[in-house]
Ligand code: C2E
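There is one chain below, alone, in structure tokens, taken in the form predicted on its own.
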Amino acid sequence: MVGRRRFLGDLADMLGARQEQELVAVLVLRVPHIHEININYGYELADQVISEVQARVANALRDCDTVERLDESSFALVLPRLHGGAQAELAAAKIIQACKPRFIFGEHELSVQLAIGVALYPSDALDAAALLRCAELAAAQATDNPTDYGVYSPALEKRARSIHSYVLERALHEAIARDEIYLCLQPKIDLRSGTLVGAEALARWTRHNGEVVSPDIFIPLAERSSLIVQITMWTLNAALRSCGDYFERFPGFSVAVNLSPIALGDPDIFDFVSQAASIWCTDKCQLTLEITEGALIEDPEAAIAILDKFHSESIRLSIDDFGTGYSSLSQLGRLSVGELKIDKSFVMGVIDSERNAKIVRSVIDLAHNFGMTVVAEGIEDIETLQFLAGLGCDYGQGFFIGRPMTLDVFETWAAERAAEMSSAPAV
């Protein structure tokens, strides 16, 4: 058994050695019911079955073809020097035919089913890892109809994403109970002085199997399944619990928590936020709730009513991703909002794009005219930071300042930042 990593190395070497006009096929062969054989007949017999499958497969191949075992129930085959995809499909059919006769081990006589996936280089993928993945997707399709083979097509990608989305949604229901959700903080600084003035609280998810799930994937999943309210409440509690020390160490420090349109529309959200602040002994002005323009567009009157309630409790309010919603400008004068966050799509091009520069300059002037402060998101270099500071932008976030960090990393970053600010001139 060579394992996936070593196989990919061998495959990359083979792809590099191919002649220009030749195709290379990768076939992934699975024995879907090997686990049932383990349970019913024991591991020793299951290993004999796998060895016999490998021997029959090898006998069905050409001398230049190779077969390597990836794990306990699957093999990867490499077929070089092909002149068309039909040759790879013929090889898959021959392997299936070779494994049709029953497997006899002493008193045990077994019928073994196979699932084979076929992918071609360079037509289906342009590197070893992608080629193996394509073959695995095709094998997954064939598993639905054992003793058959599947050929990779782009349509399998959509099917795989749909299945993965379903699996992730089910896992997300258990993620909080399993402590798979954790808190990260992204710092916010004063662009004039460079001092730390706050942080945005962000939920992150690493599954128990080690898979890191991007928030761009699991947040939309949470919104579709209504888990977003539960995740928002978890994030709020975790943020207030974790930032108590920063409220005391950094004058004016506030922690920001995002409220999606669904969370904002929850009838209990106001009471929950107030209770959470009381539980963690937080001065409510040290909490900022960030609301996207989308929340204002969907139901402006309801959104304005709940924002007014938060404002009456001295909770800070911020419009997130400002400039992407297009319709909240007419509502701006009616909102009890103290902060605008300029979307990173404008900030990241502000140096090279005169259009973006004009938009950013206009938003800063507009916000200041309404008595609001301005935060620029997506600052990724010193030139952008200095340009924004020159425009009068109040605060900034971005990878140049600091990426989202786990609590222990943020603690180190904040201490180092404070030391730098005490011994160096302002940014």
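Here the structure is a predicted model, which is why all the values come from computation and not from measurement. So that there is no doubt, residue numbering starts at 1 and follows the sequence shown.
Omitted from view is the form predicted together with this ligand, to which the following refers.
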Report summary line: Within 4.5 Å of this ligand in the model of the complex, heavy atom basis, the matching stretch of 38-46, 362-370, 57-65, 378-386 is 378-386
Requested in this report: May I ask you to check whether residue 260 falls inside a 4.5 Å heavy atom distance of this ligand in the model of the complex?
Outcome: yes
Requested in this report: Classify residue 186 as contacting or not contacting this ligand in the model of the complex by the rule of any non-hydrogen atom within 4.5 angstroms, answering yes or no.
Outcome: yes
Requested in this report: Mark residue 320 yes when one of its heavy atoms lies within 4.5 Å of a heavy atom of this ligand in the model of the complex, and no otherwise.
Outcome: yes
Requested in this report: Indicate whether residue 339 is a 4.5 Å heavy atom neighbour of this ligand in the model of the complex.
Outcome: no
Requested in this report: Report the residue, out of 290, 124, 293, 136, that has at least one non-hydrogen atom within 4.5 angstroms of this ligand in the model of the complex.
Outcome: 290
Query - this ligand: the contacting residue among 171, 221, 202, 197 in the model of the complex [heavy atom, 4.5 Å] - result: 202
Requested in this report: Would you give me the residues of 392-421 that have any heavy atom within 4.5 Å of this ligand in the model of the complex, in order from first to last?
Outcome: 398, 399, 404
